[in-house]
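The same protein chain appears twice below, in two forms, each given on its own as structure tokens and labelled structure 1 and structure 2.
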Structure 1
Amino acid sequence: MESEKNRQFHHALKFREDICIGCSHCMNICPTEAIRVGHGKAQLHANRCVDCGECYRVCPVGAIIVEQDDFENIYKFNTRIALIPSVFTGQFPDSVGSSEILAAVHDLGFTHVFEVEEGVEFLNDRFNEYVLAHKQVKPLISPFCPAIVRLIQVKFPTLVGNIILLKAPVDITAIHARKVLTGQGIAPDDIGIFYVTPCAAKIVAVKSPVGEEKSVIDGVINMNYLYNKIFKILRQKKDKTDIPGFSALSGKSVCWSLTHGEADHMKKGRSLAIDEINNVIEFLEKVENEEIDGIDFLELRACDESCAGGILCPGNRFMTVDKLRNRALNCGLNPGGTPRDTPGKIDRTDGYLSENISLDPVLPRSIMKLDDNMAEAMIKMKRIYELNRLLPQVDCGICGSPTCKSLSEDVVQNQASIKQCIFIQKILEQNDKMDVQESVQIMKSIWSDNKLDQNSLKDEINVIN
């Protein structure tokens, strides 16, 4: 068991130093300024990262990877449950139906295949009850997206009390599946529940959950990994007509993880749905200032087009949304028969689930505070203002920090030197306060020896001049 501190800073995104070329694209895009460049490599400040995955999207060389469990882990269990989110069924061509996809997951080696959103109808009822019971808190914020929960913890600490303390659909379905299967006489230790994730944040939600001690999920499979395996199975399948059963999901459930999936089904009051992390940040700034009035419920998702835009989704997010909306339209039109592999329909008033869906209060862990001691923080803040005034406000990132302001903060926190600013260097050089060798050494310490090797442009140097 990891200590509380380590748990908080566990991340699914890993930076591979051997691949990183130190280009700073990730540093410039990070919405929580969690990345710096030093010694020619991207460096992650673990306490600031919320696992949104924006860095993963922009890395030109694939140096940022998403950790995943060994697939063979599933065979440690006799009963192997795959929990498939509906966005997975939206990754494939129109010609491939959802039941065909779920059947292929079966063939891959799972004993049971359940759809994550089977817990949605139950959860939606609890959401509506929760909103009624917490009228004094406005707006209530959905806990659905783990990156958003972490964003609020680090950047909007005054809003942690607005987060709805109920688990996600995947947890509901997992708890229910486990209960049903143990009810059938299967030993709890024999049951392994594996969640197929569209993003890094949901991995972290399983590996180091916020608001609960330990997740009910035993392992995580990255969606792009499973996609490759399933695509192969579907391609090799000869008999295309064999479609064993259909999914029992409602249209609402199919679209729950898409933008407006939750907000459109809140019964009372006024709900808003906002996707893409920078949009969310912009809006939460206003919520925090109490400039936003009369909103009861906020659905906030870190990715554009919500989970359809997850970094591990191989398909085009707009096509995925379209496919799922079509699937939802056809939900009521399924032919009769027995649904394939549901854990048994979840009773919308299930007492056991109701007792097990609460989260503990989410605690703030602000990255904003400059010091625990207020007087100390004030001294630092003044120094930051002073330093920031000296800087060019170009936010070029050559210093290895994403903005002039963040360099000022890094200097005050003893994590950088003001001499890392190339403009400051030029001013010092003009005043004979710094020689070329010193400025080159500083640049090398940020961007590595290679990028500033004196001999690297031997043949071209005259042409450049």
Structure 2
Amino acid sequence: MESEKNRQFHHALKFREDICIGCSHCMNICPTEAIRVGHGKAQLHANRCVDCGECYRVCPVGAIIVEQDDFENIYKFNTRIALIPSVFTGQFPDSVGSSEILAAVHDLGFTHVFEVEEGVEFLNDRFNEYVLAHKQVKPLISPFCPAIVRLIQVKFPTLVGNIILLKAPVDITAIHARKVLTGQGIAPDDIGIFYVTPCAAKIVAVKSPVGEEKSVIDGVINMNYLYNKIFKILRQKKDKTDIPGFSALSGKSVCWSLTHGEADHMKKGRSLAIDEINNVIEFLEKVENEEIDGIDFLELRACDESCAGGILCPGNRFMTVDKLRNRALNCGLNPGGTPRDTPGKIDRTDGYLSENISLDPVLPRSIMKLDDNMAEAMIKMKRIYELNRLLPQVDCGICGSPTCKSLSEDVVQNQASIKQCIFIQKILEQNDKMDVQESVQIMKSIWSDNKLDQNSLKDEINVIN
């Protein structure tokens, strides 16, 4: 079996060179500096990418796409399970009830529907047990957000031992669903489980899971795609369905994927919830530098407002959060308004789930591995420091790298030239070490001929002058 350390990262985000205009928006927004510009196109450094989707948000021409499985794949199975996260129901207008959504999902060809958060109550118990058993490790970090797990692997490798080694609710519910249906006599090979995802990172978590060899989920469906298909069905239906909607979850379960969904339900110690990937990076830097202590548990999410802000969510994230919080309030009440107990749909003492909930240790995948040879790596690190001191520290990105430091790293790794820096070019020109034509050729190699085509711009420049 190939080890996780040597396994290539799968990426759900794909760059279309035929559409890309080399604007550098994606390069400048990427929190792990995984993107460069060369020959007028965005280029991905795959070992740095954590599939957070920030590049997808800012691309002005739609050159970055999110791959998804062909929807027709569901028909390869006789029994077709849709795993629907609660955040999906929050995408629809208030006029659309859960029974209508559920009926439309069945109309699309699914035979069974489970809400992802059915596994929350079971997981929450295991979380609290885990924290008690590992109280010497601080802070323990939730594994819920796969983009954050990968971020820690590549940017904060010293913290991989802090990640809680328990599966996410979607995996628990998938295991439970398969167990229920096989218990009804359905052959395991006839069961296909498909997860409706709000983000690219969760696609990657299925295709290339961390902490396990293979996911229990058979396919992934883009939430925006499914939303549009369901909305089309709802527009065509004249009469509302009479079938029941989603069965009641606890309020805790409904809000688990939102900010504070996990942190508010840790029974012991001090917990913090942090969303949006740059906020997470800033905080983890302080944790790694031992500037912060006294925190027992960290809920970290890559998206603003957590899963409600996923790049594949068609609705407004703030409206989605409001709808889910209102649903959570109603989950805790009987029709007459009295409180009711919602213990969860999965047996909290399920021995089979308890045996299959654990993850293997998460291994570091440092983006700063300069060389397998330690002595050579130290030499390269010193060279990066020296080159970075020569550069202007303006992080203009004109060189095709996002920062001066990243250019220094690229040069040392033979992926770039120091002459790509426009300031270095001007210094060399002043000292007769480079002529203007050479400088132009270097810029063309980064930004393409079109952006430096003198003939096409000459008349416009003359008009401006």
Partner chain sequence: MTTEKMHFEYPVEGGNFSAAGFPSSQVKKTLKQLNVDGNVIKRTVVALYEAEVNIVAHAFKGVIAVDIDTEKIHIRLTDEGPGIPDIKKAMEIGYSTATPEVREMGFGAGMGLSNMKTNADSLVITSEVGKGTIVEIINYFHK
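Numbers given to residues start at 1 and step along the sequence of structure 1. As the structure is a prediction and not an experimental result, all values here were calculated from the model. Rigid core here is just the name for the largest C-alpha set that superposes within 1.5 Å across the two forms.
J.: Which number, 1 or 2, marks the form predicted on its own?
T.: The chain shown as structure 2 is the form predicted on its own.
J.: Inspect the rigid-core superposition and answer whether the C-alpha of Ala375 shifts by 2 angstroms or more between the two structures.
T.: Comparing forms between the two structures, the Ala375 CA shifts at least 2 Å.
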